[in-house]
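Only one chain comes next, encoded as structure tokens, the form predicted on its own.
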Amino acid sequence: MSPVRNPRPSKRTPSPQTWSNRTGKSSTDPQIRLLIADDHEVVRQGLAAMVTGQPDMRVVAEAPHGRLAVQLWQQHRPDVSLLDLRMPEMDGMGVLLEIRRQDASARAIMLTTFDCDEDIYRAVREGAKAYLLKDASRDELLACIRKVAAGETYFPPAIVAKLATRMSGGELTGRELEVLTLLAKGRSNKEIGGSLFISETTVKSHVKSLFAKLQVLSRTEAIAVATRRGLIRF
């Protein structure tokens, strides 16, 4: 009888600490892995120090601008990304769009000083899981991170109220936004028509439509509302 050969060794079972190529996170990792993107070093350091003291959280990457934030997100695939709205090279909204283009399940919190209706609306529309102002308390921020990591959303009452206000009006068209921008520069209907190569009658029609959508009665009021909502910036 020929000797019995030892069976071929089975493939090595991955260690529990092996990272997933898709998510960058081990299923056994108990901590929420965070990316912090903010162009102010003091803010990044403060957020990192706050998170580091939590047993269920850790910072895996920090970025001072949007393009690096995207690169670091691709490298680390964090559970939650904290994104400043205004950053050089690529703003927080651009980062949100890019990471969700690559992974629709990416979870991001917009953490900003800006609470314009339009910024909030765009963030929600593009898939942000939370919108929080930087004057939020430490406990509120930590609770927000945990909720988002658990698959929930978090929008404080004041943010919800602004979102409701924004959604009560109609969406401005691209042409209406162009007319509104020129209105804010003090251009007359005739001048706007010349700039956009449309008739003065058509300009008047656009102005009437955007007045209705913004729920205003004058140019001055339209500019004030549009500025507050973040539709135009000076």
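These numbers come from a predicted model, not from an experiment. Rigid core (definition): largest C-alpha set, two forms, superposition within 1.5 Å. Residue numbers run from 1 along the displayed sequence.
Here the subject shifts to the form predicted together with a further copy of the same chain, a form of this protein not shown in this document.
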With the partner removed from view, which of 48-56, 170-178, 198-206, 64-72 is the stretch that lies within 4.5 Å of a further copy of the same chain in the model of the complex, judged by heavy atom distances?
48-56
If we define contact as a non-hydrogen atom of the residue within 4.5 angstroms of the partner, is Lys213 a contact of a further copy of the same chain in the model of the complex?
no
Can you tell me whether Asp135 touches a further copy of the same chain? I mean in the model of the complex, with a 4.5 angstroms heavy atom cut-off.
yes
Give a yes or no for Leu183: in the model of the complex, does one of its heavy atoms lie within 4.5 Å of a heavy atom belonging to a further copy of the same chain?
yes
Would you classify Lys190 as touching a further copy of the same chain in the model of the complex, given a 4.5 Å non-hydrogen atom cut-off?
no
Using the arrangement in the model of the complex, list in sequence order the residues of 71-106 with any heavy atom within 4.5 angstroms of a further copy of the same chain.
none
Align both forms on the core first, then report whether Gln54 has a C-alpha shift of 2 Å or more between the shown form and the other one.
no
Tell me, please, whether between the shown form and the other one the C-alpha of Ile192 is shifted by 2 Å or more, with the rigid core used for superposition.
yes
Taking the rigid core as reference, does Leu68 move its C-alpha 2 Å or further between the shown form and the other one?
no
